[in-house]
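Only one chain is included here, represented as structure tokens and corresponding to the form predicted alone.
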Amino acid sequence: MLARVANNLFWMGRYIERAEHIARYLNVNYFSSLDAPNEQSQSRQLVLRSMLCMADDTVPENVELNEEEVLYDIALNTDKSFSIINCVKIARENANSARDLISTELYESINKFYHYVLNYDVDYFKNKGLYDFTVNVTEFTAILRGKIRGTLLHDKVYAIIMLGINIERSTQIVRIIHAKFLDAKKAKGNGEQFKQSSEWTTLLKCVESYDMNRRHYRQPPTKLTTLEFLILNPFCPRSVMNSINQVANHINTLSTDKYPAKDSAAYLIGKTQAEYKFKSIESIEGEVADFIEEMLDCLWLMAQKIEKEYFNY
């Protein structure tokens, strides 16, 4: 296939995954804060800043945020590059350019998703539509992943889309960890209260991993168990480790080199996979901020190398 088309497939997968995580974060973070056990976690300004921190890197300091404006910007404002509506719009544009390589069922689902978001009533959203909108966005993206897995040949086209999905998933998970880590510090400070903060429960719910975390550890979430589960557990489908494993599997479909060059994407992915396979949570727990920065840089470099090697046109 043309490198340009492969690049479009890669970014189609990324933007589908990005829309889902932003929507779920809006939903869980907003409604969980209404029942939070302490006043700090219920603060509207804390919640709004957390949402902006996750969706976009630029969060204004010492400025009173307007709830209606923030939610609208993240969800339906076409002037904001990070908004859900723009993610869906770009995913559809990329699908259009690769129409002959994807199934009719997948394309129709993307098109239906696009028109749902495009035609969503803004006034209704601002007044009482947050829950309805975000739940439907997450359901649409789940349908799209099902169509990708269930209607496409599991060949190079599928591998390229899944590379995009898994790199974006791990990126969004790290961003969510970053946002909730800051929330926990602001809400509880340091010490035992920080380790037992309710924000760790919210974090797990933001990535649909709360029930499985409880099943795995058989105790309420703590800072240690939450970070270990979402970063290093290879069996958690939302963990960074699981996403890297998936990326490693799919890059092998594209790379034919038995011994990849040291400056190649396959080498970097394999090296990162091996490093995280034997990493302990204790080495991360004390330096979460450093880990977040390092992991985001690594994921960005992975994506850059993949695009340069396979999609450069």
Partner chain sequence: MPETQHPIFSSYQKDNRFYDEIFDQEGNVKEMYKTLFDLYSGHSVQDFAKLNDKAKASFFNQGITFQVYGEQEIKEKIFPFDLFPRIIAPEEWEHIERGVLQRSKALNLFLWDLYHDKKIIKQGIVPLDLISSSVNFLDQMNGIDPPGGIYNHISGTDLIKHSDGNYYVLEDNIRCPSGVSYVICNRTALKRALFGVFNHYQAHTVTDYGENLLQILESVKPNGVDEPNCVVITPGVYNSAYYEHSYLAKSMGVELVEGRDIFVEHDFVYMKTISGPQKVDVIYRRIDDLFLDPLEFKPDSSLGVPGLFSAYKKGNVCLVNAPGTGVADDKAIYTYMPEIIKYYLDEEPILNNVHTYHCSRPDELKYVLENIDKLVIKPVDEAGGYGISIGNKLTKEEIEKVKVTIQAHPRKYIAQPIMSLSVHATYIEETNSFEPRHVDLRTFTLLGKDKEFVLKGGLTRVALQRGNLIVNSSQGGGSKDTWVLK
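Numbering follows the first chain given and starts at 1. Model, not experiment: these values are computed from the prediction.
As for the form predicted together with the partner chain, it is not shown, yet the points below apply to it.
By the criterion of a heavy atom within 4.5 Å, N96 is counted among the residues contacting the partner chain in the predicted complex. Shown alone here, Y107 lies within 4.5 Å of the partner chain in the predicted complex, counting heavy atoms only. The closest heavy atom approach of L130 to the partner chain in the predicted complex falls outside 4.5 Å. In the predicted complex, the partner chain lies farther than 4.5 Å from every heavy atom of D211. Every residue of the trio M1, R92 and N111 has some heavy atom no more than 4.5 Å from the partner chain in the predicted complex. The chain is drawn here without the partner chain; in the predicted complex, the stretch among 154-162, 199-207, 73-81, 130-138 whose residues come within 4.5 Å of it by any heavy atom is 154-162. Out of the listed residues A248, L254, L65, A274, L254 is the one that sits within 4.5 Å of the partner chain in the predicted complex by at least one heavy atom. Among the residues I102, L227, L182, M241, the one placing a heavy atom within 4.5 Å of the partner chain in the predicted complex is I102.
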